[in-house]
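Form predicted alone, single chain, as structure tokens, below.
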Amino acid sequence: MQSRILALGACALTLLATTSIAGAQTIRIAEHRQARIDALNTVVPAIEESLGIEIEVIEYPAPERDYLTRLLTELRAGNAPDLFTAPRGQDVADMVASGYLAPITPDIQAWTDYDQLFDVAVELVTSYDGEIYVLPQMLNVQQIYFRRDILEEHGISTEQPATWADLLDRAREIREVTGAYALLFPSGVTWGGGAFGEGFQYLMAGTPTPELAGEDGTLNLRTDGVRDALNFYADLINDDLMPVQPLLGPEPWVIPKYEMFPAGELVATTCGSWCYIYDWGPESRNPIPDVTQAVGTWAMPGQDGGVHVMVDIDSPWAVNADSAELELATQVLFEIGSVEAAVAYAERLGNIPARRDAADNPDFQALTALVPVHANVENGTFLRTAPGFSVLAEGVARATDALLRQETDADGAHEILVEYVVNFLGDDAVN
């Protein structure tokens, strides 16, 4: 299958230069969450007119765990749509290993807009074998978001914390002075992949052993850095610095992110650029007035110094390796990679276009909270992934869940993580 796909690369490039395709072929695209569906639908008519095709947008379940479950079920059954997204960058390697994604290396490198992609975006989607399987349309740029207005009101410093200890000391001061919960790191089983992508990786990037994926494909989990990261969670929980009960519910992000933070009952949380628009912006369910002034950001401090702005791929687009319309689906893939499509997603979700030239788009320039984040993308930090990362992410969720329930300490959580990954992947897969 892979050699057949690669052999079609030259034909796909020829098709990319055309403006129409004979007949009314249909390309099926999976998308989830209403805001994402709305963004996609803004560009569907132009793609249909340009290529002379029909596009069917299929609505999948909104929660990412449910979306991925249905997608993987349909991929295994051979009836998945022609185009879809991986929920998170950490899911890509396992989907590649299962043979679900068509390689697009020659196509993307010959794409006329390839040079507009940020270097970090290309690095993020390039696997260890040098192949590219997904198109980086949008980026997650993540930091710690804090209520500047509340800290200033109570005379608490808004300066960038220098180390983990400094951040924890600031959190303790916030809790003592304001009475509010101080700092949220996504945790627990029901938060799913976010326990890794929106929290754990922030910490790992600042340890002496940041790379979880070894050059040989093994996962580096038996390290002091992993244990120390879990000990940071234990400190947050044991010192009552973050709300625990909401994290044990079915939608653990709703109460702390959408209710407590706007109400000032939670003062700081990990989040991404999307929070200025999707979580707390004027169109959100519980907007914070003058949000870009009321809410500031800190980069994640390193364990012993340095700062890290985490960059990851947001729901990268892929072509189904078993698509009956492989060439046409590849063509549509690059249409979705346009500036117009990226800005439509940025407007509705607050994530950052992976293209440099989005900065010149008037509609993007109007998103004033996102413009400086976009300009700083090249300075971001990221962790490379490898096959088994989806298992690793689930292991992190389970380890932090045990901490939330105070069933163990950091050492015990470390054992839970390692044992979970070993049970799924084998002892040889873990260092």
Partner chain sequence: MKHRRRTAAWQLNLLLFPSALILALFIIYPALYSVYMSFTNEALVGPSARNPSLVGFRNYLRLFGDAEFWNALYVTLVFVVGSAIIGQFVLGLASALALTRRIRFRSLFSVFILLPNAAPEVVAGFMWISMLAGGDNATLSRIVMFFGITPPDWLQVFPLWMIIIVNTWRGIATAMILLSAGLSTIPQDVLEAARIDGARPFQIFRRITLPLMLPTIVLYMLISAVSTIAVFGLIYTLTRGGPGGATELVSIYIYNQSFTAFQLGYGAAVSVIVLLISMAIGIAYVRMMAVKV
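Bear in mind the structure is a predicted one, so any value in this text is a computation, not a measurement. Numbering follows the first chain given and starts at 1.
This protein has a second form, the form predicted together with the partner chain, left out of what is shown; the following refers to that one.
- The stretch from 140-148, 73-81, 166-174, 208-216 that comes within 4.5 Å of the partner chain in the predicted complex, counting heavy atoms only, is 73-81.
- In the predicted complex, the partner chain lies within 4.5 Å of some heavy atom of Gly99.
- None of the heavy atoms of Met242 is located within 4.5 Å of the partner chain in the predicted complex.
- Looking at Glu198, you'd find every heavy atom of it more than 4.5 angstroms from the partner chain in the predicted complex.
- Although the partner is absent here, Val343 is not a contact residue: none of its heavy atoms lies within 4.5 angstroms of the partner chain in the predicted complex.
- Val391 is the sole member of Val391, Val371, Ile53, Val44 with a non-hydrogen atom lying within 4.5 angstroms of the partner chain in the predicted complex.
- Interface residue among Ile156, Val307, Ala234, Leu248 relative to the partner chain in the predicted complex, by the heavy atom within 4.5 Å criterion: Leu248.
- If you take 386-415 and check each residue for a heavy atom within 4.5 Å of the partner chain in the predicted complex, you get Pro387, Ser390, Val391, Glu394, Arg398, Asp401, Arg405, in sequence order.
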